[in-house]
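A single chain, nothing else alongside it, follows as structure tokens in the form predicted alone.
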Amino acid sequence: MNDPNGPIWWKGKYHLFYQMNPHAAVWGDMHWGHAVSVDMVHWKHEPIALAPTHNGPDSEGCFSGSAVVFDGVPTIIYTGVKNAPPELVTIHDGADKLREVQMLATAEDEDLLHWKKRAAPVIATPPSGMKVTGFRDPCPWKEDDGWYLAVGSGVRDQGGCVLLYRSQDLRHWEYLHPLVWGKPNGKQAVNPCDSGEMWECPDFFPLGDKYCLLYSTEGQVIWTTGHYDRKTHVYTPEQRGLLDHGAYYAPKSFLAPDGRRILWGWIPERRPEAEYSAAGWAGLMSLPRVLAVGQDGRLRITVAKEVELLRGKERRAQFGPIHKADQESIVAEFVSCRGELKLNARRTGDPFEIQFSGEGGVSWLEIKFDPSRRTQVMIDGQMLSLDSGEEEELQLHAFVDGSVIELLVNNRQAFTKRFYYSGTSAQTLRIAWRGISVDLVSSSSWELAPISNDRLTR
């Protein structure tokens, strides 16, 4: 599985669709998988929602897209791909054989199990005269004068961009202009997604008194916040950063019934393809993240409170004074690599380190903090900015599940880490503190219950 698609709240349930290959644990033959939940935590798998249509505009794959409710009917807008002659190809990635079009499907039942595709594309070609590096991943929203649609794209030597369309019925679209355009960075790559000349999976939405645009390129997800002029329909980014510094890509958000902006992301593999192909599974979905904008105009990220449903008994780390800065103390142990940690440490004391390790002391994640650089923290050798030194404490919030750690730092930075181990079952993960004990303000951990009886542990 890979990209999350079309998350939507409908008739008292959360529906999450996603890219999947039902035939092998490698990318290819893209379908839309479907899962449903009442709490965003416990999920039930449903039958495949969308599959390629033989000889249709999506015969080679149903790529990513979005879901909205139009005239009371859940409606999916997605990218279909098919083989095409060179003059019609829109994916210029070295293979240069696929044409992308924007497709529409409507729900035929209230459980969203059956979908009826519109036979013809709703947008059949990129803008006239524009030689795009890609043309996919539509993101719709409604304004007073109709529906608008953002489509990920780009042009060689000009950078990535998001194209803007307008419609009254979701079926007939008028191209307006680029919603926003990037800048060339001088990088060269066969695949424009590797050089920043193609922006995938754009996600555009209001957030507080700002607008937010997310897009994926160069193997990373960029967040921006800024101003959207609803008269000229042009977006001007004012602040930007990396949404996640680790294994995280192609996220998609939706508006929960209580007004929260919830974000899902694809957590890809970081092991060789031969290994995950042999394992029989690849890719996982992130925990639901809640987005907000701080007073400084920059993005804030927390994990949805519903995840607390999985918590067992709270355990607090307690140990006596430590006078040697290099002495190590265990603050948490997670049997079967399954648990949650909240740790606060002073930013005005001595340097300290936090190690996430497996059996035999194999390090899976390393965090280092030096108070002389109180606005930065080093995670697995990467220096992350905390943007501000206002908080007296460094706040770490980590979730461990099987082969992944999702880590939030002061709700400003995210780092998702994949780790792997030998054997047929998950090991015990230990989290150790190395530093002066007085600098450790608090440390609470919880074992997390599995969401199903058949949780994979290898």
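As the structure is a prediction and not an experimental result, all values here were calculated from the model. The numbering used is simple: start at 1 and walk along the sequence shown.
There is another form of the same protein, the form predicted together with a small molecule; it is not shown, and what comes next is about it.
Just one of 200, 269, 218, 93 comes within 4.5 Å of the small molecule in the predicted bound form, counting any heavy atom, and that one is 200. Taking a 4.5 Å heavy atom cutoff to the small molecule in the predicted bound form, the contact residue among 243, 163, 250, 212 is 250. Partner contacts here mean any heavy atom within 4.5 Å of the small molecule in the predicted bound form, and among 392-400, 413-421, 58-66, 39-47 they occur only in 58-66. Using a 4.5 angstroms threshold between heavy atoms, residue 431 stays clear of the small molecule in the predicted bound form.
In the predicted bound form, the small molecule sits within 4.5 Å of a heavy atom of residue 30. Within this chain, residue 136 lines the site of the small molecule in the predicted bound form, having a heavy atom no more than 4.5 Å away. When the small molecule is considered in the predicted bound form, residue 19 lines it closely, a heavy atom lying within 4.5 Å.
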